[in-house]
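The form predicted alone is given below as one chain in structure tokens.
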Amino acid sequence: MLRASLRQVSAALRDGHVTPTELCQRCLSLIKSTKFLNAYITVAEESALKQAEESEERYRRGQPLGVLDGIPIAVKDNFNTAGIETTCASNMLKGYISPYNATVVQKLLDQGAVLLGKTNLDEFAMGSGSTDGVFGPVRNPWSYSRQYKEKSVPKSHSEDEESNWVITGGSSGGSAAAVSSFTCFAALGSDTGGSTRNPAAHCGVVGLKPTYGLISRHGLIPLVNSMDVPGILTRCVDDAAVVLGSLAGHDPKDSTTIQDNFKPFELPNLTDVSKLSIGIPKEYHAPGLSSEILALWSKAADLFKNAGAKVVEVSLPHTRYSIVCYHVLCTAEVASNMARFDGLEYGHRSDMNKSTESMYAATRREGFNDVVRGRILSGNYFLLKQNYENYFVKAQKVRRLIANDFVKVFGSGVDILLTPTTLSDAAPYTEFIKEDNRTRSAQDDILTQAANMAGLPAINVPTALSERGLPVGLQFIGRSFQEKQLLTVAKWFEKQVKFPMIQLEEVKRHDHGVFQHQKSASFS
């Protein structure tokens, strides 16, 4: 049952094959047995079981609230949740309990979803590995899969278990690991420069970054206001469409959301791709792209071509400046956003009491890690009066050029862009931490952050297993507010590649459900 899609389990709940309480208990039990993954910071067992009981009562009366009623979900720990601690994986917010729910969380609860807990991340979502939070790194469930274990060369057995695990990617690594290890059916992440798509690619799940303004950011603790988007992590494209349908639309509490009404949609089964034009941006053949992913990207393009789609090479000439531009804009907004954590209103407060100034300084030194402090310092440097024109204003102009590149390409008749999501499969933790966070983020966001700067929708679709037995995903980028077209194409692609299900021994012992369908890998 835990391996079922969201739609399948919703049908099972409706037909009485399983109750919301039983489903919730199974997920909670699995969270406990996969605790070693460190995917969750807080498990809200008591409130989750209460929500499941309320859902059960609605089903008993024959009045479920919709597809999400009784479905266990998880939320990244940078979304505010009333009554449940919100930490951003930082000492600065340890123990902080918000008085309100983020709009997206409230919408899920209003639909009857069961909130299991809050997932782990890089501190304040600054990172690409989910290794830099105060609660420790998240481990990729695929590290413990039969597929990876069969391919990886073991050293001594005990050493292998402890040192051979791979990262989830970040910063929404906890949410990606939670979905990948079957502890929930969908999870919320946030996506500023690829933080949903990157871990989705490494953990073999679907990661959707919607168009900027389609989903409310109210209650998402901001990193970069002009780029942040709540992201959706699920096990298949159809499920992502279901969750998007319940979250999208105008929110009076967020002035950047669209004014138009959003109509939830059901994805059609695309049978004819001959009218589609797929663009292959040559600049995404970036330095460091593994030959394995390059071959997979080429194979995917051929798949569309052979099915009758028009596949054209396109150019996004300003892409090569995007990572530098992103760094300037990101740190500048971080410096501004982090100013609110001063030890006065909420969060950590230092005992240093010589003066207000010394208390501020000590609070921020104790509350933030090196990564956060480093980004604040960079951002303040770029915003200095003498630097503002040369860095911040120039970066804003380059951002406009990057966005215009996409406008031109889509204006030329291209419907969807097909690119890699990451440069390689997931790195072993011991290798990943050899480089500092800034270097890693610059490398790992290179293929994803341009979509954030242009505000475009993008999705990672798990595509195949690498030679090491780890997931590799490809990214589809669509036109603004054309999520239906983007998801329809992604669903068609998903059907063609038949990505294999993770084989986790731990899960099999817990999963006595009726949906133990095993997909076969036919695209590696």
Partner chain sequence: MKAEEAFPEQSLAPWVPVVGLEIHAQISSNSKLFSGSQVQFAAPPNSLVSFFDASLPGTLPVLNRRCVEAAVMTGLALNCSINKKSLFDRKHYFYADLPAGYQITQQRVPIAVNGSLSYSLCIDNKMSQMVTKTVRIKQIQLEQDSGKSLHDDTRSQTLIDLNRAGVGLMEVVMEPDMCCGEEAAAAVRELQLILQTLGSSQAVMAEGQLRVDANVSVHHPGEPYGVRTEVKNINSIRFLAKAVDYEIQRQIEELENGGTILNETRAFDSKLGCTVPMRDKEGKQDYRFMPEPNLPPLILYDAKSLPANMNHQQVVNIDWIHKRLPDLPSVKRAKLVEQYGILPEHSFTLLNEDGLAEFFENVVKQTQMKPKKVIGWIIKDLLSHLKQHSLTVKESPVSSFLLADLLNLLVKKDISSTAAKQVLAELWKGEGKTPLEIVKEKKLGLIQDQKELEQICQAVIDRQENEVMAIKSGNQKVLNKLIGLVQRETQGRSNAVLVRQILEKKLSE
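This structure is a prediction, so every number in the text was calculated from the model and none was measured. Numbering follows the first chain given and starts at 1.
Below, we refer to the form predicted together with its partner chain, which is not included among the displayed structures.
- Not displayed here, its partner chain is kept clear of S412 by more than 4.5 Å at the level of heavy atoms in the predicted complex.
- Heavy atoms of P420 never reach within 4.5 Å of its partner chain in the predicted complex, leaving it off the interface.
- In the predicted complex, P222 approaches its partner chain with a heavy atom inside 4.5 Å.
- Shown alone here, A295 lies farther than 4.5 Å from its partner chain in the predicted complex, counting heavy atoms only.
- Heavy atoms within 4.5 Å of its partner chain in the predicted complex map, among the stretches 268 to 276, 224 to 232, 302 to 310, 182 to 190, onto 224 to 232 alone.
- Taking I258, L383, I280, M352 one by one, only a single residue has any non-hydrogen atom within 4.5 Å of its partner chain in the predicted complex, and it is L383.
- With the partner removed from view, the residue among H327, R440, R217, R139 that has a non-hydrogen atom within 4.5 Å of its partner chain in the predicted complex turns out to be R217.
- Residues from 305 to 336 that approach its partner chain in the predicted complex with a non-hydrogen atom closer than or equal to 4.5 Å are A332, E333, S336, in the order they occur in the chain.
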